[in-house]
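Two forms of a single protein chain come next, each set out by itself as structure tokens; they are called structure 1 and structure 2.
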Structure 1
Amino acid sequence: MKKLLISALCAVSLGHASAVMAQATWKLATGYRAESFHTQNIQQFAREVEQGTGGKLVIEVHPNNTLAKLNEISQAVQQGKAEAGETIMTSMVKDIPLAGADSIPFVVSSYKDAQRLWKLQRPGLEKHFAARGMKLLYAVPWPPQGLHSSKPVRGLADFKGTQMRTYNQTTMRIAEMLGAKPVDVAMVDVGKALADGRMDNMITSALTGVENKVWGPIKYYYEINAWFPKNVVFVSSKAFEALRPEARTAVLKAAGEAEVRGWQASQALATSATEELRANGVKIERISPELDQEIKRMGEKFSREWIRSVGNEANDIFVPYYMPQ
């Protein structure tokens, strides 16, 4: 009897141990603030994953560059410092040139086209992520990128020698092409850089202007709709594969829903943020047709450089993008 009891007890505790072992916590690093709509969306994704897995998988979100800096998040996941991460895709262009497809100026000018481009970009990107031991979960765009400036911008000459805030290699190259001095400033430090007089202008969303309360130093916003950069959320393949099949399915389901929700939020914020800039005294204007032509030409030069750096994979995206069946 005693023997029986002991073996029954062992079975109970073994059962318990395997349940505990099946529980996992993922640290997810992001370089954006907790209040950012991207981070809020991730928080909801985390809640849905927790519910969908019956509490077997907990995702702990570490915002604001606290676990790893924005540009180092993909390495942090590859090195196992975090199980999961979110970064802006273009932060990875050195390693994966294809990641820059969404930030070529003047290719995409609407959410609908941004969605088409994402569908074409995703398969190639997934392969590159997989080759580095990562699984891509979902991507959400920032609202369209416009030009914020402290002074009116009428022609290319108005960029010459100005301090242009950049947030990655792509925006740095654009600043160079415009004859401006690139000043690297993280999204979370834009307000301070403006207050310190370290920047005169920047190309980013109206939303990023609002989140950093740029009014005051920034007096003009030009809706040039230059590109729709995306943030991408990913996890180490090892962490993902360690999950039970049902948990994997729950993660992918929640990721699909987060993607749809994120695109809707981005689109709604695109309009409301521009209105908020206006309400705070920023003049919302259009650039002159001459400048428009000049920056479009610069966009073409940028895309030629990009295609050269990517090679054949660029065709897989842009042939169907420009010639849909």
Structure 2
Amino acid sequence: MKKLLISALCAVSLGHASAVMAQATWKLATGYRAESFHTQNIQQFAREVEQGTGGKLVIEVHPNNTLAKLNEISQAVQQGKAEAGETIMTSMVKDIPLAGADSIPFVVSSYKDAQRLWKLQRPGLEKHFAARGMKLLYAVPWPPQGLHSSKPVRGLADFKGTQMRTYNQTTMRIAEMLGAKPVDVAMVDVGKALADGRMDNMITSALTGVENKVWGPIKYYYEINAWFPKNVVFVSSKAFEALRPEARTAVLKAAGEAEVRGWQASQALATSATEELRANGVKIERISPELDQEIKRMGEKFSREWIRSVGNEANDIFVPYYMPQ
């Protein structure tokens, strides 16, 4: 009887151990606040993965640089410090130049164009991610980058001598081409820089303008849709392949839904943030047709320079992108 009891207990214990081993946990690192629409979308993605796998895969989301800094998240996943991560695609440009298609200004002018660019960009990026032991899951854009200005902008001459906020090589190059003085200002310091008179204009989203309450010093906002920077969510290939086939299917299904949901949220926020700027006294205006043509020519110059620097695989994106629809 005692032997039977011990055998039964062993069986229960082994069954419990098997159940525990069947459950996997991924740590997902992101550099953005828990309140960010990107992070909220990831949280929903994690819930849907847990539900879709019957609890066999749990994704723990670590926001606000708590697990790894934004620019170091892809390395953290490659090094096994986290199973999954999210970062802004342009943070990966040094390692994966193809990711720089996101930051070429004045080429993509609508969400429809941004979707088309992403479909052309994704296959090449998937190969680069795979070569680094990662699997790309989905990408979601920030609202488009607009022009915030303390003074009305009618033409290129209105930029000359102004102080333009810059934060990467692209924005520095834009400032130089416009004849503006580049001023390096971190996003958290935008409000103070405006109050101190250290900057006159900047290219960033309406949402960023709202989050930093730029009204007062900023009088005008122009919806130039300069570019649509994307955040990308990815996972260690090793962690993904360790899942059972049905769990992998559930992850990919949830990722596809997160991408659709995220693009919709981004577009809704672009509209609501612009209206909030208006409600706080910022004039929402369109640039002149002449200036629109000028910045489009600048975009073509940027894209040519980028293609030369990246090489043949850049042509796989922009040759079909510029073909007549």
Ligand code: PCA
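It should be emphasised that the depicted structure is a prediction, and the values quoted were computed from it without experimental measurement. Numbering runs along the sequence of structure 1, starting at 1. Here, rigid core means the biggest group of C-alpha atoms that superpose within 1.5 Å across both forms.
Of the two forms shown, the form predicted together with ligand PCA is structure 1. Once both forms are fitted on their rigid core, the CA atom of Leu269 lies less than 2 Å apart between structures 1 and 2. Tyr222: CA moves 2 Å or more between structures 1 and 2 after rigid-core fitting. The two forms, fitted on the rigid core, differ between structures 1 and 2 by less than 2 Å at the CA of Glu35. Overlaying the rigid core between structures 1 and 2 leaves the Cα of Gly161 displaced by 8.3 angstrom.
Superposed on the rigid core, the forms differ at Arg304: its CA is offset by 3.4 Å between structures 1 and 2.
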